[in-house]
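Only one chain is included here, represented as structure tokens and corresponding to the form predicted alone.
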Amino acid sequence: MSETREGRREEIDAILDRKPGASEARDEADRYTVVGAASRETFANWLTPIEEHFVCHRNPMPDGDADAWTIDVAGTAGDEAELSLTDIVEDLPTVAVAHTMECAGNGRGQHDPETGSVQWDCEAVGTAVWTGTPVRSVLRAAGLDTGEAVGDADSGTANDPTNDEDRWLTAIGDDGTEEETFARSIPLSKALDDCLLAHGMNGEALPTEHGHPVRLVVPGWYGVNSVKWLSELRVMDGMVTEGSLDRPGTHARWQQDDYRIHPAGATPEHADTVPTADTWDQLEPSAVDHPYTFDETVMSLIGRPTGEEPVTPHEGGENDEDGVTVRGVAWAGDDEIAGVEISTNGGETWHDAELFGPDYAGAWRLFEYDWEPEPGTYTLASRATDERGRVQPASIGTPEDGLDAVESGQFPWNEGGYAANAYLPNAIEVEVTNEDDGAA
């Protein structure tokens, strides 16, 4: 084991000490270790405690001195500025944004055959309230003219390649190396709409493993877009490509190579732009070759019952007087959740659940279903539908199906294991007992 790997082991152990509600997962090649929610119980609540929120990063965490931290900001006209984090926090507006952050590799371990990297099940997602400064305010404070960004990121008009006013914001993290820069690009219109530079999480200072002292937060989009340990922002005429940054080493891996949805053995071509930032729309036939992971796909998880122990109706507490309450969360990135259905027989029949609780753009909704079961063993599944009528597929396709699996109602198996949202792999088996059985 290398010295770098030994250092990461110590780092992960320290994170787990701070996160008693999380557990670790590793990829088969031991390239890096991550932590995610330790129990389904996490997904029975709207707010995810920091102690249960997943963490994923590849390189060692940089030391972040908030008092000395600066962010370089540059525009397409050659205008640039260096802003101190202290001035950003003290002089610019502060806002709070609720965001369901999901790793693009969440569900990777549900692919058959297995893909590479960390074999996440469903634990790499959580909702936090992020406190920080709107990106719009930061760019304007740096003297950048942001008036040319037009359109809507969700509809795809913001990054329409026929629009010569289209621009992108590239965020660069301080966890890169001399050989490789960690950089991600998002449409400038999205950045100006609802993104922020976060320095707080759930009312506390941003923890080190979540990007202290400052990170980009992109509501409703996969976590890879929310660059941690943010050191630079660049307004560009296109996405980051190899050689597009005036720095040594490689620049484009995390935008153009990894976090792309493609069949086994394919090599994604690099592009300056795409016709839509909606990940699911990119999967439509002939839309985008090898889609990028931006906007999160429609998804749901049952948090209670957990399936970890038998349940007994009528016992009080979390079980209501009429039976058992099935509770969970559902989200759809930039889109709203239109409804959630519950199956108690592995998807053969479905029943409508009720949405309730906070309703914020970019954050999940709570759902509940009152269930009156007889004693026995049941397979519980949840299936969400977004406002555009897109429904979670039942299963993940095979490598032979390729991206065509979408047309047959499956999520496409892909070499990176990205963006999976099938409901059957997340079903749970629940044993229901009589009160007289004495089950806990």
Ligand SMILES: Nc1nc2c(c(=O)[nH]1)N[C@H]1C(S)=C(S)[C@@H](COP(=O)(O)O)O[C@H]1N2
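These figures come from a predicted structure and were not determined experimentally. Numbering starts at 1 and follows the sequence shown.
Here the subject shifts to the form predicted together with this ligand, a form of this protein not shown in this document.
Partner contacts here mean any heavy atom within 4.5 Å of this ligand in the predicted bound form, and among 240-248, 261-269, 281-289, 222-230 they occur only in 222-230. This ligand in the predicted bound form is approached by Phe182, whose closest heavy atom lies within 4.5 angstroms of it. Although the partner is absent here, Ala381 lies well away from this ligand in the predicted bound form, with no heavy atom inside 4.5 Å. Proximity of His210 to this ligand in the predicted bound form: non-hydrogen atoms within 4.5 Å are present. Taking non-hydrogen atoms only, Phe54 approaches this ligand to within 4.5 angstroms in the predicted bound form. When you look in the predicted bound form, the only residue of Gly173, Pro305, Gly362, Gly109 with a non-hydrogen atom within 4.5 Å of this ligand is Gly173. Taking Val311, Ile88, Met101, Cys195 one by one, only a single residue has any non-hydrogen atom within 4.5 Å of this ligand in the predicted bound form, and it is Met101.
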